[in-house]
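One chain is shown next in structure tokens, namely the form predicted alone.
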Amino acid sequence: MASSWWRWRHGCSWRPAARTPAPGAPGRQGPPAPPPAAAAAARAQISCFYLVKSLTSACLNMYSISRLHHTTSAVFCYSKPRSGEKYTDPFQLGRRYLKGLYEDIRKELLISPIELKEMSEYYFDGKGKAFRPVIVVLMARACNSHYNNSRDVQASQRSIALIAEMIHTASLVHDDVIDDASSRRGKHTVNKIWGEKKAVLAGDLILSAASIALARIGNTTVISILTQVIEDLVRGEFLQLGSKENENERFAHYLEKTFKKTASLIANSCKAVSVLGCPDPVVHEIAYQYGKNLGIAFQLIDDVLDFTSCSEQMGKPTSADLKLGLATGPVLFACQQFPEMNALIMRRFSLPGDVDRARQYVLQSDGVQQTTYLAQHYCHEAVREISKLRPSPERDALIQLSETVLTRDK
């Protein structure tokens, strides 16, 4: 009865996803297939309710997820800026308060010997978008404006932006060692140039410098919030090393790993600057939920790009996750149309030809689309949360950032 009510309320139709023949398999007899355009349109329809209800719960029913579609096209709507001021590009707006970011980080790394200093500073070359620091300073100003109409960023809040970037970079150095990666951001990795042992030490050094900078802030609540990030990074890496045989557990495992490895840093950094700027726990939760949902969406799109982008755009090899034995969102969704992928997932794509077969399964399935729809859901939740704050240019920039996450190509 409840399910019937929801179908009526939201205009949902429940129907199985098309079962595409496996790569190289003979076609199946049956009713004539719909035209490609109609099939694509049908796949472009999904139930937002079911995503909210199922994908964010601890026990996820993957069989049902891939078979729920909405009768109207899925459209992701963004709130229009309501601050009354001319809208500014979020990165341009955020960078106003991040001038000298990488110079300040390098000051935190004033160390010897020279080789260790070079390794530690290697990724702080200022060539990236500074995605995480931009989110942090925009959240700081949005919360300050909400609380007391202040348009300033406190020195301690700006320090959180530096610390977030340092923790993130240290995790990249360590990840590259674990993954035996040879390129990142379009250049050789630290471990490729200096070796694994020295790379581990460089990552440790960056983390220690971040911890010292965090201690200088002197706020025990903020220290507790950000040290949770480091614990989550370690636990997330352990989750990534394992896998689940049960399909529902497998997707919950994937989302938990995604939160701990990627979203926790963004969520807790946003929460930390809100604590420094506003005493209201409701605002702290808004900041946390925004960062959590945006961070999960960011990683989901990253997993999509591993199948749809080229190495030159990404600055690192594509299909890297499959080569590492990892089953990400597109793979898990594709598995619903191609159950034979289960065997590949359980052996972590370790046999010759497994990676190419899995990639073909994904590209012939709705896996990329479904993962993108899931990212849209999380961005929608992020926008819903941040829209609870009073209008300001920074709040509107955070709303716009959710669109940037969905439309990025690297």
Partner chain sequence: MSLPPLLMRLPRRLRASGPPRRLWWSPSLRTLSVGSWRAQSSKAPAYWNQVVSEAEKIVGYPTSFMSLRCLLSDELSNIAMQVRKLVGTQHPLLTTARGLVQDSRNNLQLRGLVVLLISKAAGPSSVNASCQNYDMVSGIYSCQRSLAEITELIHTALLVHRGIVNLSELQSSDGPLKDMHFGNKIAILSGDFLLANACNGLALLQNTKVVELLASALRDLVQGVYHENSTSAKEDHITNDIGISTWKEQTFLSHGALLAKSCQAAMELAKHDAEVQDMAFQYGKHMAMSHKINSDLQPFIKEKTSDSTTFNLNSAPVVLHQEILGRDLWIKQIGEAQEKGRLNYAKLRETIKAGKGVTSAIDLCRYHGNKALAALESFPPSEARSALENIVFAVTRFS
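Residue numbers count along the first chain shown, from 1. Small disclaimer: the values here were computed from a predicted structure and weren't measured.
If you look for the form predicted together with the partner chain, you will not find it shown, but the lines that follow are about it.
Looking at 193 to 201, 139 to 147, 156 to 164, 268 to 276, the stretch with residues near the partner chain in the predicted complex, meaning non-hydrogen atoms within 4.5 angstroms, turns out to be 193 to 201. None of Ala320, Ile223, Ala252, Leu305 but one reaches within 4.5 angstroms of the partner chain in the predicted complex through a heavy atom, and that residue is Ile223. With the partner omitted here, the residue from Arg235, Arg106, His188, Arg95 that has a non-hydrogen atom within 4.5 angstroms of the partner chain in the predicted complex is Arg235.
Although the partner is absent here, Gly126 sits far enough away that none of its heavy atoms falls within 4.5 Å of the partner chain in the predicted complex.
The partner chain in the predicted complex comes within 4.5 Å of no heavy atom belonging to Pro281.
Within this chain, Glu340 is remote from the site of the partner chain in the predicted complex, having no heavy atom within 4.5 Å. In the predicted complex, Ile230 approaches the partner chain with a heavy atom inside 4.5 Å. Site residues Leu363, Gln369 and Leu406 are none of them in contact with the partner chain in the predicted complex, judged by any heavy atom within 4.5 Å. In the predicted complex, the residues of 167 to 196 lying within 4.5 Å of the partner chain by at least one heavy atom are, in order, His174, Val177, Ile178, Asp179, Asp180, Gly195, Glu196.
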